[in-house]
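Below, in structure tokens: the form predicted alone, a single chain.
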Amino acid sequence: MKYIPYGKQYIDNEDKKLVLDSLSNDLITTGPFVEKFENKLKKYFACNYSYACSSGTAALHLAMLSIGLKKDDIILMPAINFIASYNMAKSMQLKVYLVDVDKYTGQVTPDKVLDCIKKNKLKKIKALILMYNGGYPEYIQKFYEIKKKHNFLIIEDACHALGGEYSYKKKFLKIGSCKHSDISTFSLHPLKSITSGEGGIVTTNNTKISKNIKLFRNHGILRNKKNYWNYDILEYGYNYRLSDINCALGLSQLKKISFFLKKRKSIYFKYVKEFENFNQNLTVPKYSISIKPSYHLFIININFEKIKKNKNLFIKYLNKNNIMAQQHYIPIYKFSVYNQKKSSFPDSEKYFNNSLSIPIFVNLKNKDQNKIIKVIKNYFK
């Protein structure tokens, strides 16, 4: 029987053709497709600078490096997130403070950020990382007000939110426009809004940050424009470049992003219609009409304690029915690498115990979604 994944890329013949075209160029890295892709991204996000890089993790690392974070600088980030942001911060020897999240959405809220600052008596915070879990960007203006009050920078970990928008002064702005953040990062992994195979994006409106991104992405090299063979090394940099082959795929995918978002939205609202009033122990997080999500994930919350069940057993039940579910994410404080005995994140714990992602992707067939809905409803019977 066919297995239904929780996420899957959508690749068509146009994508394949452009990738093949890129292979015919003299340069298949640092060539014309990189520049074309970055220019299209800059126009799409309506930002001053946009750069492609090798992964979402590389994008996060470039963001931290480019805003000048140094050893022992204080940075805040969600307790619920993929480990990438924590790994990069610790590799730079930053002082990381985890922020508790909303028990239904898995996202930090303005109140949670303020609680973390107050509880830990934090001063001289250098940066806050926001993560729009599942692709739903909320509270952006409130976070911006906290940023101004406490004088720190905002990095948007928008790996789930490519294509997402939020309302400001009766106008919708793209996540990545950096109107209320200093820098935004995205992932081009196959399961994200669009894909380049592997890849990432960094956007900013700040000229100094932009120059730093270019340096750190390419070994810290500054080339002599007249004599290309002469160059200087200004920083300890990395090879975080993205090839023309990847950028060709990304460029082709970007043309279809409106179609992708429309399909995901349709799947999302069918789930909402079926589940929001189905059972009091199954809840679907509700989001403000002031946002336009990317609909990257569909996260359900089940009160397993109330129904005297176990999340792991429920996931195994779905697997037996050839449905793949996933948890986004295991809290960072639960990993051995966190290495702190005392931690108190009560709402992160509730979110983790009760939440899971069910399949949502562009080419999810209607009959497969009907099966997912039926199987989940049968579990409660």
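We number the residues from 1 along the sequence you see. As the structure is a computational prediction, the values presented were derived from the model and not from experiment.
Missing here is the form predicted together with a small molecule; even so, the following discussion is about that form.
In the predicted bound form, does every one of Leu60, Asp157 and Tyr329 come within 4.5 Å of the small molecule, counting any heavy atom?
Answer is yes for this spot.
Interface segment, criterion being heavy atoms within 4.5 Å of the small molecule in the predicted bound form, picked from 245-253, 135-143, 286-294, 75-83:
Only one stretch passes the 4.5 Å heavy-atom test: 75-83.
To verify the annotation, which of these, Arg264, His180, Lys126, His189, has a non-hydrogen atom within 4.5 Å of the small molecule in the predicted bound form?
It is His189 that has a heavy atom within 4.5 Å of the partner.
Using 4.5 Å between non-hydrogen atoms, is Gly199 touching the small molecule in the predicted bound form?
Although the small molecule is absent here, Gly199 would touch it in the predicted bound form, with heavy atoms inside 4.5 Å.
Any chance Ser55 has a heavy atom within 4.5 Å of the small molecule in the predicted bound form?
Yes, Ser55 sits close enough to the small molecule in the predicted bound form that at least one of its heavy atoms falls within 4.5 Å.
Heavy atom to heavy atom, is Ile194 within 4.5 Å of the small molecule in the predicted bound form?
No.
Just checking whether Met131 would be counted as a contact of the small molecule in the predicted bound form - the rule being heavy atoms within 4.5 angstroms.
Flag for Met131 set to yes.
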